[in-house]
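Read the single chain below, which is given as structure tokens and is the form predicted alone.
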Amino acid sequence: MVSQPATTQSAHDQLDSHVREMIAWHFSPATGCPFWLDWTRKVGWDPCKEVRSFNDLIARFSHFQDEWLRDLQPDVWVPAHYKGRPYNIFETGGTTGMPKQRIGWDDYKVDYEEFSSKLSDRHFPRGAAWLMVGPTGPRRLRLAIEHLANFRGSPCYFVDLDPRWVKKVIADKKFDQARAYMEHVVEQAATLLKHRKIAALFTTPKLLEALGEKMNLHETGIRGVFCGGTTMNPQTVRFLVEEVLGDGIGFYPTYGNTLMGLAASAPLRPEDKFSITYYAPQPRAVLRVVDPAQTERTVGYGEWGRVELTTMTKELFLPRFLERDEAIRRQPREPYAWDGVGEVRPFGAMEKTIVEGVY
């Protein structure tokens, strides 16, 4: 595991060093994938010579296009180093139509093993069973949550949900179907919690609220909740912490996806007023909050902007991907020596209606 930098300057230095290492890896014929090697021939410049820092990367690369992950066959993303080794195919969450697909081997294990160090043994006792109530199927999350539980010596139960179906029926204004499906999922989770000894729960905010209406989670044995998915504004967080969980259950909100991995939240302080800030697993992934009209420019601290993701692992190089999210740019905060993203919500949420469903 990469040790946490002590200062902002050491974090910058570590990031720049990682950029050089990843550029050398992905743009070398000995280790790189067909897509980026072909891309280099088309653009006519050599990233290995011209990108020596993260600032160089921002200046020289345009935005990664999500259509590349929808339209191209997965084999174009296989680094030469991994050639011949079967890969996992992961799809992004709730989008209908042809999904974005990411291939991978070990990244999800590395990401979630690193995240394990941020979980308290008091809230997530080692060896005690977990329950995941969320999307499984082709999504990376299912394998990742199970690996995290196993890494901590724990088994994991699962209740599946299909976020694409939920978004479809909500978009079609079939709200009775959406409610019935949500009740179906919650009933399965409640049954497991009543009949099995389970101490840790992963689910989405809306499903957590629905579970809390059905039962006292602390009395069932839950001691820690790892929560992600739909928007968590301060009002939602306060309700979940004070009304659903209470003092006896640890609350660990996260911001993650198939392309980034997992951004952990800084522990809530009274002065945060239930506003969550997430910090990317830098240097493997970097989050910037940028001006939507001029994406080379990072917005000021405390300002809203669009979230831009750069992922740099040996399995995946994804520069300057514009997420469908917006957030407040937040200052570094111990133990994180880089910027955070606060109150993440769908991009344009204040100007248009966003269908989020339960995930």
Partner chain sequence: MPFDIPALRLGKAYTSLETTEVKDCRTGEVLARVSQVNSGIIRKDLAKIGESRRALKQVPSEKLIDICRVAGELFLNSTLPLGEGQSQTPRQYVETLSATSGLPFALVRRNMDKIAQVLGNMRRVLRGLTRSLDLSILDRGIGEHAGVRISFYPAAECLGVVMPSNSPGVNSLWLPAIALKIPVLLKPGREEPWSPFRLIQALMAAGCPAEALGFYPTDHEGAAELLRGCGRALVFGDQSTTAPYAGNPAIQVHGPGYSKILIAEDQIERWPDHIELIASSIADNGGRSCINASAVVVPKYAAEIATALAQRLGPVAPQPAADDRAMLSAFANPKMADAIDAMITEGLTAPGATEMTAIYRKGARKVAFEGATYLRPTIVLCESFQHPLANREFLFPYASVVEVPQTDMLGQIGHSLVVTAITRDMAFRQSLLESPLIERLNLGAIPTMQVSWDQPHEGNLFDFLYRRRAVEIK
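Numbering follows the first chain given and starts at 1. Only a predicted model underlies this, so the values are computations on that prediction, with no experimental measurement involved.
One more form of this protein, predicted in complex with the partner chain, exists but is not displayed; see below.
Peer 1: Please determine whether each residue of 179, 206 and 235 possesses a non-hydrogen atom within 4.5 angstroms of the partner chain in the predicted bound form.
Peer 2: Heavy-atom distance to the partner chain in the predicted bound form: all three under 4.5 Å.
Peer 1: My question is simply whether residue 273 lines the interface with the partner chain in the predicted bound form - judged by any non-hydrogen atom within 4.5 Å.
Peer 2: So residue 273 counts as contacting the partner chain.
Peer 1: Spell out, yes or no, whether the shortest heavy atom distance between residue 151 and the partner chain in the predicted bound form is within 4.5 Å.
Peer 2: Result no; residue 151 lies far from the partner chain in the predicted bound form.
Peer 1: Just to confirm, residue 239 within 4.5 Å of the partner chain in the predicted bound form by heavy atoms?
Peer 2: Close contact exists here: in the predicted bound form, residue 239 approaches the partner chain to within 4.5 Å, heavy atoms only.
Peer 1: Mark residue 172 yes when one of its heavy atoms lies within 4.5 Å of a heavy atom of the partner chain in the predicted bound form, and no otherwise.
Peer 2: Looking in the predicted bound form, residue contacts with the partner chain do not include residue 172, since no heavy atom lies within 4.5 Å.
Peer 1: Of the residues 71, 243, 121, 247, which one places a heavy atom within 4.5 Å of the partner chain in the predicted bound form?
Peer 2: Selected option: 243.
Peer 1: For the interface check, one of 110-118, 161-169, 209-217, 276-284 should have non-hydrogen atoms within 4.5 Å of the partner chain in the predicted bound form; which one?
Peer 2: It is the stretch 209-217.
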